[in-house]
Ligand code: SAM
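Next up: a single chain in structure tokens, the form predicted on its own.
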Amino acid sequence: MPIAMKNATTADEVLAALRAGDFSHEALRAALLMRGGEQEKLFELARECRDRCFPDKRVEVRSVIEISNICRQGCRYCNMGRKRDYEHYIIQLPAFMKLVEHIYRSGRRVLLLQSGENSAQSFVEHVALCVEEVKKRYPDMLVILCLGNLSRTQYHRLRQAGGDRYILKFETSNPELYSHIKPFDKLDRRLTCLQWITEEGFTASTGNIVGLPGQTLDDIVEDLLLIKKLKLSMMSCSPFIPAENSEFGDQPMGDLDTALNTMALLRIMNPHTLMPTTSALEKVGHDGQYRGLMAGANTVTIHDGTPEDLKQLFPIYSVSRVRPTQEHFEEIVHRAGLKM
């Protein structure tokens, strides 16, 4: 993949086009290739778009509880799933509420509940009861769910329980690549679930992974256009990380700069949305999450909810995941000229 555009004039023309709302395939593809000074100009435009829509310059701070690691998917890039041999857990309600109490006393009011994809009705009902209890005790706590593909009835149950938002990344907009990386799922099914989520009244989020084996630059452009078309309130981008025990464990990492440029373009194309600077950015490169803020992100997730003895059982992209602390975010948010 080329590392820079041919000349500054072309870069300036692309930036002018983006500023004017020209999100053509050619402009997006060229912007994804920007590096050095050109990239800094792209980031500057992304920050302008963010700060215009979020003039208080505050980032949303979330705490995450990884409520279960049971997953019935079989994603080839992940350490979890039906083919993996690891100890399973589900955090039960009494222990869960102690974790929520700690998070609430820490002053945070946004809670992310994440798990492997498990559509068993007993598990979905367990999560619904947990959400109901959170809303009963802490009615000002906003609850985000990230549980994967479920039935419409299950989404309805979770929404009625008090779930406020739902995260469901489509990973890639290329149907063939999607089926390759997620052999037990289809892109159409994923997008249908996303439609159900929004129709049930959730504030929805989606996003992609940059650097997947077999992915092309044109695929990433199509990802950007799909997110723009969906018109959601939250979005995200993460670089691909070859999980050690996954089928893609021997593949190269995704390129950090391409992921950051994708984030900048997401911000320019969708200025009013929330966008996290993910822990995967920090895993791929030094100061990755700070650079994510500089590329337009405005959300951070503190990993202080999952008990220490369970964190290693929720590896997702790596058994040595980056789990950012509040101190880490306080430093990079301040350095980025933003506020917690």
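Note that residue numbering follows the sequence shown and begins at 1. This is a predicted model, so every value here is computed, not measured.
Same protein, other form: the form predicted in complex with the named molecule, not shown, and the subject of what follows.
> Can you say which of 156 to 164, 103 to 111, 73 to 81, 217 to 225 gets within 4.5 Å of the named molecule in the predicted complex, counting heavy atoms only?
Replying inline: Stretch 73 to 81 is the one.
> So which of Ala204, Leu266, Val143, Ile209 gets a non-hydrogen atom within 4.5 Å of the named molecule in the predicted complex?
Replying inline: In short, Ile209.
> Ok, Val134, Ile197, Leu147, Val127: which has a heavy atom sitting within 4.5 Å of the named molecule in the predicted complex?
Replying inline: Of Val134, Ile197, Leu147, Val127, the residue with a heavy atom within 4.5 Å of the named molecule in the predicted complex is Leu147.
>> Is it the case that Asp255, even though its partner is missing from this view, gets within 4.5 Å of the named molecule in the predicted complex, heavy atoms only?
In response: Residue-level check for Asp255: no, no contact with the named molecule.
> Is Glu117 close to the named molecule in the predicted complex, meaning a heavy atom pair under 4.5 Å apart or at it?
Replying inline: Close contact exists here: in the predicted complex, Glu117 approaches the named molecule to within 4.5 Å, heavy atoms only.
>> Under a 4.5 Å heavy atom criterion, is Met235 part of the interface with the named molecule in the predicted complex?
In response: Close contact is absent here: in the predicted complex, Met235 is far from the named molecule, nothing within 4.5 Å, heavy atoms only.
> Would Ile91 show up as a contact with the named molecule in the predicted complex if we use heavy atoms at 4.5 Å?
Replying inline: So Ile91 does not count as contacting the named molecule.
>> in the predicted complex, does every one of Ala259, Ile302 and His328 come within 4.5 Å of the named molecule, counting any heavy atom?
In response: No, none of Ala259, Ile302 and His328 comes within 4.5 Å of the named molecule in the predicted complex.
>> Within 4.5 Å of the named molecule in the predicted complex, counting any non-hydrogen atom, which residues from 166 to 190 show up?
In response: Sequence-ordered list: Leu168, Lys169, Glu171, Lys182, Arg190.
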